[in-house]
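Single chain ahead, by itself, as structure tokens, in the form predicted on its own.
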């Protein structure tokens, strides 16, 4: 079973309005391959900033089908319903999706873009934590592209130059196997109880994994920290480690099923997915969003500026931000960025939306500078605190 761990860098900004919500030796890509596919537009797919630049969606589809493939990375099939999303895209457009290293982190994605520049096996698109989306844009790694739904994406959820935009998100939650834990914890304070010795895990290393980063940030908020001060969260996990409650085992679907990580701090959409996935398999997975540390994040999409399949990359983005793509995210318990709009226009999957974990209260969000500071603090102090 594939893990959905260790693949994210820090991401954030689940707006209140939405809260109703590696290297390889490939050959160089053919940069001249395909114009718009309609015989009229002179814009190369790699230079297209919108479908209109290529002559419309039909022309984009034709150009993408001429390329015939799409390279993705860091998309576990059990993460936010990506398995179903990839299958739906392939079936709809008859384009082969090459999914590499599904358990990669956001840092790995950026590294692959850099190390494979000019190779036909370079990632065409990326799904990144917001910190990595911002840094990648600053390094000029992404192509500006406005999907058809661009105007529907809240201003606070996208780069003004269309180099990245948020797509789906969730809340830090505590998953617990009630079949093995008599009293499941529902707050960070609970996790310190002696009864949870050797039972608490994170989904990866917070210096590389966005879900783990979110767990530490939430713990900071629960322990008199702030978005400007993540140190209390680091101290909290240091205390958990010292007490023996925290175990340095990366929580994955496999470790959950085997009972190795009976308590897992992870995104609510992943924990909710485990509850369904392991139902009837001896795992009674309960999910709680800790009231003492509410933290939410979104993940961002971006197109590789040097994508070997530039038309397919742009078509993938269009699919993800279509009603079909957004509803598929909802089917994986993730909160789609266009959920409010789709609720208003009647295109939302009401059954899927109704299954989203319930949240009380309105969370706050860190500023970019605060995120950068938290990331730097973790890089400097996490390993020492957990050693």
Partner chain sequence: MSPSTPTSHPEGTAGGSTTSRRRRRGPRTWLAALPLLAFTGLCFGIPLGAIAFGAVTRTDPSTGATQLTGEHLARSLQGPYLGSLIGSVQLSALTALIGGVLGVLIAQAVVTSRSQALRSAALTASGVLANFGGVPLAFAFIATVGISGVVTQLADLTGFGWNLYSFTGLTVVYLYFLIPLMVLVIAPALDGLRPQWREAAQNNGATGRQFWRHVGLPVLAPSLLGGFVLLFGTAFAAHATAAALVGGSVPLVTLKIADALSGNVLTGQENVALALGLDMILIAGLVMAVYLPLQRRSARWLR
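These figures come from a predicted structure and were not determined experimentally. Here the rigid core means the biggest group of C-alpha atoms that line up within 1.5 Å when the two forms are laid on top of each other. Residue numbers count along the first chain shown, from 1.
Same protein, other form: the form predicted together with its partner chain, not shown, and the subject of what follows.
- Its partner chain in the predicted bound form is approached by residue 255, whose closest heavy atom lies within 4.5 angstroms of it.
- Although the partner is absent here, residue 132 lies within 4.5 Å of its partner chain in the predicted bound form, judged by heavy atoms.
- Contact between residue 306 and its partner chain in the predicted bound form is not found at the 4.5 Å heavy atom cutoff.
- Taking the partner from elsewhere, residue 241 is found to have a heavy atom lying within 4.5 Å of its partner chain in the predicted bound form.
- 207 is the sole member of 207, 157, 119, 186 with a non-hydrogen atom within 4.5 Å of its partner chain in the predicted bound form.
- Only one of the listed residues (177, 190, 78, 250) places a non-hydrogen atom within 4.5 angstroms of its partner chain in the predicted bound form, and that residue is 250.
- Looking at its partner chain in the predicted bound form, residues 105, 139 and 379 each place a heavy atom within 4.5 Å of it.
- Of the candidate stretches 259-267, 159-167, 91-99, 279-287, only 259-267 contains residues with a heavy atom within 4.5 Å of its partner chain in the predicted bound form.
- The two forms, fitted on the rigid core, differ between this form and the one not shown by 2 Å or more at the CA of residue 216.
- With the core held fixed, the Cα of residue 164 is displaced between this form and the one not shown by less than 2 Å.
- For residue 199, the Cα coordinates differ by 2 angstroms or more between this form and the one not shown after the core has been superposed.
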